[in-house]
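First, one chain by itself in structure tokens, the form predicted on its own.
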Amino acid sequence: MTSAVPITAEELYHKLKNVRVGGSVCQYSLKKCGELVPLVNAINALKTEKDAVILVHSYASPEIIYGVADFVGDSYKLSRDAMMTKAKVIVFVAVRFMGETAKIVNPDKEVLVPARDPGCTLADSITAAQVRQLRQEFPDYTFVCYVNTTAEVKAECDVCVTSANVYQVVERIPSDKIYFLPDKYMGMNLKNEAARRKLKKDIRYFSGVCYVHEEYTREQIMKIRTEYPGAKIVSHPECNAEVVANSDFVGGTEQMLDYMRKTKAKQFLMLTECGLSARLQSEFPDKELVGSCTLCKYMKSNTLEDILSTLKSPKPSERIVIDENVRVRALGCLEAMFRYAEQGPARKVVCE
């Protein structure tokens, strides 16, 4: 947890000096850190005054992660962090559906999302009305939704999953008929992994995509393997099936970092949003990134200036408000995920 004790430019620079992703957007000189420090210190002082906690997804900008975040991680970890916090106010530095997830499990807390553009191509690819129609078409199927969905969509589904636990949870669902939404690539990877595990499940999936992960290709991997034969390819399950099949490791963002922390390899191609690459460079400076990553315009629409403004005087659009009936039904969907994800020992969550 960050402290209200003021940080110096030198201290911030020490955390950020190894970050070299996203062109000039995510490179930090001592002078730049000196310009950021007043904002960082103002935010940290104000969140103490407001009894606020700042949850930050790994895809956010490095100065936010290492300057003001109390908790950093993937969707699953941050969902758990949101449930455990005692703060009165939750500032969720991510996109809107993540703020909604925090509100679902914390109905009595104020939840704020400071992003100027808090959308998500994946979450926005499906509506609650479409889920209701699909349920009429497939009445015998258990509907499993990725956490990258709105509260209204979660309310229409049976079980939620994250990229970290999707294989584990679906394996444990007793139904042999699964409809997965909204990510078609994760749906394809889920179907392939179920076959690999010899699970007798009929898996159908929707057609949504994440525009960041859709860009990665098998050809990109082959090029890197030729140029850097010792590099490990690490990808997210939102990538297409060819990319996943040709990767050395596939998992959620925290799992990817853990893999890179533990493996002896020194070079990596990381096929996910650039924020995770920045974390690798900051936390494991002895590891080298090869190739390129992709910025998410939605995650990067969170800035220190907007976080400070939201803490001072939140706009109506920055407050998360969910109809109580929707919230209760969506909570049931999330609670089903926690039950399946945490019920005793299981096989590895990720495929390697």
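Please read all numbers here as calculations on a predicted model, not as lab measurements. Don't overthink the numbering: it's just position in the shown sequence, from 1.
The form predicted in complex with a small molecule exists for this protein as well; it is not shown, and the discussion that follows is about that form.
Contact annotation: the small molecule lies within 4.5 Å of heavy atoms from the stretch 246-254 in the predicted complex, the single such stretch among 137-145, 246-254, 263-271, 167-175. At the 4.5 Å threshold, heavy atoms of residue 47 stay clear of the small molecule in the predicted complex, well away from it. Using a 4.5 Å cutoff between non-hydrogen atoms, residue 213 counts as a contact of the small molecule in the predicted complex.
Residue 238 belongs to the set of residues with a heavy atom inside 4.5 Å of the small molecule in the predicted complex.
For the chain shown alone, residue 66 is not a contact residue for the small molecule in the predicted complex, no non-hydrogen atom being within 4.5 angstroms. For the three marked residues, 59, 74 and 163, a heavy atom of each sits within 4.5 Å of the small molecule in the predicted complex.
Interface residue among 112, 233, 98, 157, judged by heavy atoms within 4.5 Å of the small molecule in the predicted complex: 98.
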